[in-house]
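Take a look at this single chain in structure tokens; it is the form predicted alone.
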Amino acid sequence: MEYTEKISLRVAFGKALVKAGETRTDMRVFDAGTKNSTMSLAFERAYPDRFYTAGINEPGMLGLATGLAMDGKPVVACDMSVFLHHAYAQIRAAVRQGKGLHMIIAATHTGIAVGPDGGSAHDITDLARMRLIPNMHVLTPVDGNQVNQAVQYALDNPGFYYIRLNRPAVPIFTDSDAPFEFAKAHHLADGNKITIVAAGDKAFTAMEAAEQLGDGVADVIGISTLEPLDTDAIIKSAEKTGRVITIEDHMYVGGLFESVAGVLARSRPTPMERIALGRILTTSGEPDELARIYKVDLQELVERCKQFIDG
């Protein structure tokens, strides 16, 4: 697969904040003592009078952010994903204030791609938690270009957003000039034997798998908006191929697999497989090593697709 460069989604996020801040002088950015990790430090350096730190206090950060949002300002609250567990009640309370508020929650260090930070830092249930909150839009950008576009879209369209970001560098393969299409899936490869639905940075893995499977085999659907999901694109592809496999860096419970399975169960029952984390507690290791151990890597996807097609 060809790509222009690699960049971590969290690094792209820091750059996107700075770029947005040039014109969005009303936006405010919060962090809970993780600015070196979330890369919100870049925004602090550029616009120190619009940046706030709550220290190691996620509930406090969300409370402060909600207060400014209620005053009519768009706010971005940044944190490492696993620490947002501490503020789930405050996030739900913020959303209950009504659709007039404008809040973006940016979570970095998601999934097992966090790697050597250790299993206690691997957040593999964040999508499930955020999908449960009414009116929360869950965004899973596929590369650095899409991170920038997603941030711009979220700032231009008031509401509640959760943006999922990773730690390691991933290939940039989308068009930097293409607008972010909210609630629209991306048709990344054309095939008629199996549908691969991939969330976030696993979209590139899905495209690599399609290349290895050969021309015309895999229909690849990239998901950059998990909630609300583009049900029409999934149903259309399932009708064409008759087989669907999902891949995500997340527990299968409450994530992409169950989202897609729910759509197909209601509208177009289709045989399915999944590449996802199980209901497990993960361990420390390098990202590629962990992907192999937990079988959410390219090799596993290719082999499972072949078995599914042949079976």
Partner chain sequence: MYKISIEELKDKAYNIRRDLIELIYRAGSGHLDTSLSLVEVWLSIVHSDFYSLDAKNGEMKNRDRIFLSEGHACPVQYMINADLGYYPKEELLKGFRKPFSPFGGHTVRNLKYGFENSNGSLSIGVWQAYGNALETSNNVFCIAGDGEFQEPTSQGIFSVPLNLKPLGNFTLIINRNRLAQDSEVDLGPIKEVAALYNWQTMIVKGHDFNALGSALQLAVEDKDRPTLMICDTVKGYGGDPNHAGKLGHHGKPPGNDEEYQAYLAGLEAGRRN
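Numbering follows the first chain given and starts at 1. Model, not experiment: these values are computed from the prediction.
There is also a form predicted in complex with the partner chain; it is not shown, and the following applies to it.
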Counting any non-hydrogen atom inside 4.5 Å, which residue from Pro59, Gly254, Gly285, Gly33 sits next to the partner chain in the predicted complex?
Pro59
Identify which of Leu101, Ala107, Val138, Ala154 has a heavy atom within 4.5 Å of the partner chain in the predicted complex; exactly one of them does.
Leu101
Any of the heavy atoms of Lys184 lying within 4.5 Å of the partner chain in the predicted complex?
no
Within 4.5 Å, heavy atoms only: does Arg96 come near the partner chain in the predicted complex?
yes
So in the predicted complex, does any heavy atom of Arg129 sit within 4.5 Å of the partner chain?
no
Heavy atoms within 4.5 Å of the partner chain in the predicted complex: does Thr53 have any?
yes
Each of Arg28, Leu64 and Asp71 having a non-hydrogen atom within 4.5 Å of the partner chain in the predicted complex: is that the case here?
yes
Tell me which of 119 to 127, 211 to 219, 88 to 96, 236 to 244 has residues with heavy atoms within 4.5 angstroms of the partner chain in the predicted complex?
88 to 96
